[in-house]
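Shown below, as structure tokens, is a lone chain in the form predicted on its own; questions about how it binds or moves come after it.
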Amino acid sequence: MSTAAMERKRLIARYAIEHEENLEVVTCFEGETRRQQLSKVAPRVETLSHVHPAAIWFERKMHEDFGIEIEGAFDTRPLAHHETIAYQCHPMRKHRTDTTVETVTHRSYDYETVEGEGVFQVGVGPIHAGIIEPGHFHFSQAGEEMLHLEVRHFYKYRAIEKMLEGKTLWEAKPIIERISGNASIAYQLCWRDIVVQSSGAILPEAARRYHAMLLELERAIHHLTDVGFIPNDAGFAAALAFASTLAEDARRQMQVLSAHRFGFGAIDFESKTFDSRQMRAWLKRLEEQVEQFHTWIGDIPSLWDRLDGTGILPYAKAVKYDCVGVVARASGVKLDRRDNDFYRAHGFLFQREKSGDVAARFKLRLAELRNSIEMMHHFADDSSWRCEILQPLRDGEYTAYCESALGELFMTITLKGGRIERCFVRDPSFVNWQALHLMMSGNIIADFPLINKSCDLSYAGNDL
């Protein structure tokens, strides 16, 4: 494919598969999948990072996981192999069954920095003064002004892809649904679609409505959490107190429907019984409270003074970095996996902002929250259904997408002999984290928590 052709297509994922005779690099663009066969002896592949900068994490990960050399890459530093981890262990190769970690003498990581008179470095994390997962943020500063940020994660890399090898889809489900607690329903829906594809089953309309209702409830929970935390990081704690109450109530509603606050075990092929009248009554109360919040929060000039113009991600850069979810749509990108006939028939309205700043990401979440409530009214149908999953599942490669609260989730699973030969997941945060540094220019370091929170990026979904 020519460079010009690649520029017209959005990069979704890039990953490797090991076969008996060779290695294969799979590159998924919007509407096209490219495959390249490599020898297992000194495998090499050309980088895409000069056209698609977000490809670099995919490629650094391929190098570490499989030993594939990336030709022409602008960044060849280790990604998940931290300072005392051996570079050459390549854990995703089939012959690699040893679960011990090879260690070496400590090597300092070469952070990207800006040098110059009066410029200094500030490191934040990986241990934070809050109940969040580990991640490191390395700033180059000139006084309070942020000149550059490098994000470094993978402190909790859990080897989930390796863990899933050899399992059936049913054995894999408890792991898949716990990859990232803030998107458990979304991960389960990808798993569901792969089961449906591999079995040849037809999912009843009533089941799709019920599952979509759970997905919108999960989205509402996280948008409620975010519209509280964003103003809180701008010094307006009252918004967090109000929105957190609503988010907690929504978590309890998730437990009523699924028997778990995070929806673990919620998606399967069995008909569920729930009180649709109670659900609609709760939705009506939530709708009234959200409207009250919307009116209240929109009339606080000092808050909007902090949000407007802070942490701007221009449209061109959102496209260049292949961003997804709220981060992309707040910058004007038209991308939402729910933008289809099924969702539109149940009240979906595509939401988009253009300014690409914290204010846009905040307003977009409020708009999507209100639309999710409207859709849940349509989905709250207690019709029963039956779905027959034919056994055994057919071998092959299956791909699924879901629009999680954070953005487009991509999952692909290869079945061989009825068991998982390869599972690759690309959480929306894996691409959006790589665009975070673009939002720092023109802002001071005190704005970083506000900008970061406005993107609501996942550590667990990123650090598989």
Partner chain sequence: MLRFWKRRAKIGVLTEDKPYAQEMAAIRKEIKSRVHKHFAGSLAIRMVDSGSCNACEAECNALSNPYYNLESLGIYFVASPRHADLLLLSGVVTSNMLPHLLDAYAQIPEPKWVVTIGDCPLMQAPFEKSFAIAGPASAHLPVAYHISGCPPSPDEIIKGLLGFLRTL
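Quantities reported herein were computed from a predicted structural model and do not represent experimental measurements. Numbering follows the first chain given and starts at 1.
Note that the form predicted in complex with its partner chain isn't included here; everything after this is about it.
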Checklist outcome for this item: Students should find that, of E353, E287, D75, D249, the residue having a non-hydrogen atom no more than 4.5 angstroms from its partner chain in the model of the complex is D249
Checklist entry - Of the options R178, R280, R337, K320, which one has a non-hydrogen atom that comes within 4.5 Å of its partner chain in the model of the complex? => result R178
Next on the checklist: I'd like to check something about I202: if you look in the model of the complex, is any of its heavy atoms closer than or equal to 4.5 Å to a heavy atom of its partner chain?
Outcome noted: no
Checklist entry - Does any heavy atom of R93 come within 4.5 Å of a heavy atom of its partner chain in the model of the complex? => result no
Checklist entry - Quick one: does T84 come within 4.5 Å of its partner chain in the model of the complex, counting heavy atoms only? => result yes
Checklist entry - Do M163 and its partner chain share at least one heavy atom pair within 4.5 Å in the model of the complex? => result yes
Checklist entry - Which of 320-328, 302-310, 271-279, 150-158 has heavy atoms within 4.5 Å of its partner chain in the model of the complex? => result 150-158
Checklist entry - Who in 215-246 is close to its partner chain in the model of the complex, meaning a heavy atom within 4.5 Å? => result F229, A241, F242, S244, T245
